[in-house]
Structure formats: C-alpha cells, structure tokens
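In the block that follows, a single chain appears as structure tokens, in the form predicted alone.
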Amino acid sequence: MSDLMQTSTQETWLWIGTIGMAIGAFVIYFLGAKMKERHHAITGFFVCAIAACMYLLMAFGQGDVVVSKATLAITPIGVGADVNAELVYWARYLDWVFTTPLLLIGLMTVGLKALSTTGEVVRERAALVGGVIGADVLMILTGLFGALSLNDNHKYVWFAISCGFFLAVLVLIWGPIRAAAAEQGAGVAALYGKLLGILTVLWFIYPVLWILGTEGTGTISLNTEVIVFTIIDLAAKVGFGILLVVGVKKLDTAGAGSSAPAAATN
C-alpha cells in the first residue's frame, strides 16, 4: 500500500525539481535577454516555467492518480477479489507534451534556416517541423496510455508504439534537419551536432527508465524513479536550455553563421 502514496523522498525531489526549474527559467531568460535571436531565451524560459509548475503540482500531491483494476473470482469459500493498483504521476506527461515540442523547436531553429523565404523551401521546412512535433506529441501521449494500462499486453503495445514515434523523431532530427544545419556553416553544424547529441543521449534514458520503473516492469522503486526523472529532467531542460542560449550567443558574436558550408557526416 506504501507504493500507492507519495513518500517524503518523492516529495523532497519533486520540490528540488520545482526550485531547479524555476531558477533555470530565469537564468536562461537573463542569459539571452540581449540576444539578437531572443526567441531561444523565451522558449527556454517557458520550457522550464511549465516544468516548474508541473513539479509543483506533483509536490503538492495534485499531479498523481491511483490506477486500479479489480478482478472478481468465485471460490469455494465465496467471492474473492484481486486488486491491482499503481500510482501514476500524470502531471509528468502533461509537462512533456508541452515542453518536449518546445525543446525540439529550440533545436530545429538552430538547424533550419528561417522560414522567411517563399515557395518550396518554406513548405519543406514546415513539413519537417510538423513531422517532428506531431511524432513527438504522439510519443508522449502513447507513453501515457501505457502508463495508465494495468493490462500488460496493452501496456507494452502502447510502449512499443511510443518508441516507434520516438524513432521517427530521431530519424528527422538526425537526417534532413542535421543536413540542413550543415549547409549553414561549420559553426551552426557544430552547435547543432552538440545539442543533438546531448538531447538524444538524455532522451534515450526516458524509455529505459519507463520500462524499468513502476509504469513498466517495476524493477526499480517509485522513489528511485522520481529521483532519476528529476535529475534527467533538469539536465534536459535547464542544462540544454543554457547550452542552447550560450551556443547561439557565441555564434552571433563570432558571425559563424556565415561560415563556409560544412559537409554533413554520416
């Protein structure tokens, strides 16, 4: 029954997440407040601000739900009931469905040229952005559907679908968008490659943690799950946002965007 209640350890780490995200939001904003391309700072601010609100919701005990399923059976001594239940932090998914698209927009606006031209280039860039965001949102929602499923068959089908959409996101940001970044010069290509590598490594931890956590196999405890999710969230949002703003600021200062095109590597 203790697994169905928020523990003091979970609450402490949720408060760490709340405070860390709130501080990160203002750090990112002030780092980029005087940049020519302030949209990076604004996007990073709202990524962390949304996450701070969701962590506060969970710290208050308002961002979770107990999912339960009772199975009745007739036995020689009467009617028996087998109850299966788990605590799911649904606010975590509400966080991700807003913040991961914003993170990807921050990454893609480094890799893709501004959509200020007309014709085929605009349509191609818009299609890439729409494809990435669409796949990302479905990745999060299907992960939530799996987390809310107590039937193992349903759970892992949803998990597999979520991983499929994750792979679709990776194909687009590692393929055509990376190639577009290389066309803009060595400086842009290097910054995009650095941000892409960091985000990919961090995001690969999420499905692994999902499958090992209480929403999957239950190999690790909910306490451990909350701790690791908080650390990875802070790195993927605050850390990534700071690196993005600082990297773009250096490009602006050095004028690296006008460098000779760099060849895309496989």
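All residue numbers refer to positions in the sequence shown, first residue = 1. Because the structure is predicted, anything quoted here is derived from the model rather than measured.
Absent from the display: the form predicted together with a small molecule. The rest refers to it.
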Q) When the small molecule is placed as it is in the model of the complex, which of 185-193, 126-134, 91-99, 172-180 ends up with heavy atoms within 4.5 Å of it? A) 91-99
Q: Examine residue 207 and determine whether its closest non-hydrogen atom to the small molecule in the model of the complex is within 4.5 angstroms.
A: yes
(Q) Taking the small molecule as it sits in the model of the complex, is residue 29 near enough to touch it, meaning that at least one heavy atom pair lies within 4.5 angstroms? (A) no
Q.
Please determine whether residue 107 contacts the small molecule in the model of the complex, using a 4.5 Å cut-off between heavy atoms.
A. no
Q) in the model of the complex, does residue 111 have a heavy atom within 4.5 Å of the small molecule? A) no
Q) in the model of the complex, do 103, 203 and 236 all reach within 4.5 Å of the small molecule through at least one heavy atom apiece? A) yes
